[in-house]
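Before any questions on how it binds or moves, here is one chain, the form predicted alone, in structure tokens.
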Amino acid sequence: MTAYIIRRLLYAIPIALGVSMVCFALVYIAPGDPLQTLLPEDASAETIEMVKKAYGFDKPIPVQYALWLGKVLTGDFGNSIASGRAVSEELFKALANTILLAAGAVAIAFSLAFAMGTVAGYWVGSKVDRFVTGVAVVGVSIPNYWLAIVLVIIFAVELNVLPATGMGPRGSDTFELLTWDHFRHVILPIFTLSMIPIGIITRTTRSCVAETLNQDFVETLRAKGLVESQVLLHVIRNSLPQVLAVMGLQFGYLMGGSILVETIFTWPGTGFLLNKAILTRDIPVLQGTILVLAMIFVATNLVIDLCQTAIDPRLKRS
């Protein structure tokens, strides 16, 4: 098992390097010049050269990448072109806000979807199964940005019971979970983000449980005299590896944040930060944010892979 963990960590290194190359290439892939936001239209050639030298754009591309990667490994993502502040300061503040939304959506989506999928898969063809399947289809089919707009119209405009934007009263930039004036701002974004994972995980769990129930070992367990609750526990354990894989993908999606959802609710997370960086052509912020989110996704896949091997003995590696 230790050797397998080491191998998986080693496999992550070329993936991380590949992602870092793509993030660095954003400077050259994006149309136009990222320094346009810093320079006036009538900037002289001397001014342009001075700014290029300040940001390292006067060096060969391989040298620029090596210097940038060396700084990234120390946690230095450079400074934002738009605000002038350190990218790491803006990024990790936004990441903390996204984690808050993702944690709430994960708690709701994963628990509710797994329970509904298990019930539907155990009683395939029943009214409960048809109801759960309908809910899952609706969850997968509704675009989250459309749902966000509808929720704002209903609960913020028509009923006026929940706020439409922000993360606190009077434009607060801090969040207090145990305070109702702050907590009410997170209800609509969390509910919106949880809908798609609920649909996907419910359908996956239902399919896995129903398939496992048809396997021969289930009849063997019943022949040995195990009660249905014990049989169901064995079915769930054998279904978990596939369900965990889907949960890992959905967790990565939630951690990446939703640009549209966070923008609609004006929630200052990574999605909102990416949206601002795209609009202002803030390449350092784009590079740092995408790189960190990609590394979180790689780490999540590694953890899920290890959890799968711990749950299912058939997946044990040397």
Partner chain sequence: MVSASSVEPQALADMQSGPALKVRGYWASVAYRLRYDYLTLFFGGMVILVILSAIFAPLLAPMDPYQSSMINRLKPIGYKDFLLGTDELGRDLLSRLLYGGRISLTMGVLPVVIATLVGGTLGVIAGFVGGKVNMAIMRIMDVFYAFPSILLAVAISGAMGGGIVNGMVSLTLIFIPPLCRVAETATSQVRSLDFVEAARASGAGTFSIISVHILGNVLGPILIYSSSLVSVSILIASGLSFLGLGVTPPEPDWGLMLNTLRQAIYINPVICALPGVAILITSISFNLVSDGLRSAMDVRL
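Positions refer to the first chain, counted from 1. Take the two forms, superpose them, and find the largest set of C-alpha atoms that agree within 1.5 Å; that set is the rigid core. Computed from a predicted structure; not experimentally measured.
Not pictured, yet referred to below: the form predicted in complex with the partner chain.
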What is the one choice in A107, A96, I153, A115 with a heavy atom within 4.5 Å of the partner chain in the predicted complex?
-> I153
Using 4.5 Å between non-hydrogen atoms, is Q64 touching the partner chain in the predicted complex?
-> no
Just to confirm, I264 within 4.5 Å of the partner chain in the predicted complex by heavy atoms?
-> yes
Is S111 close enough to touch the partner chain in the predicted complex, meaning at least one heavy atom pair within 4.5 Å?
-> no
Taking the shortest heavy atom distance, is C307 within 4.5 Å of the partner chain in the predicted complex?
-> no
Can you name the residues of 262 to 297 that have a heavy atom within 4.5 Å of the partner chain in the predicted complex?
-> T263, I264, L274, N275, I278, R281, I290, L293, A294, F297
Would you say N214 moves its Cα by 2 Å or more between the shown form and the other one, aligning on the core?
-> yes
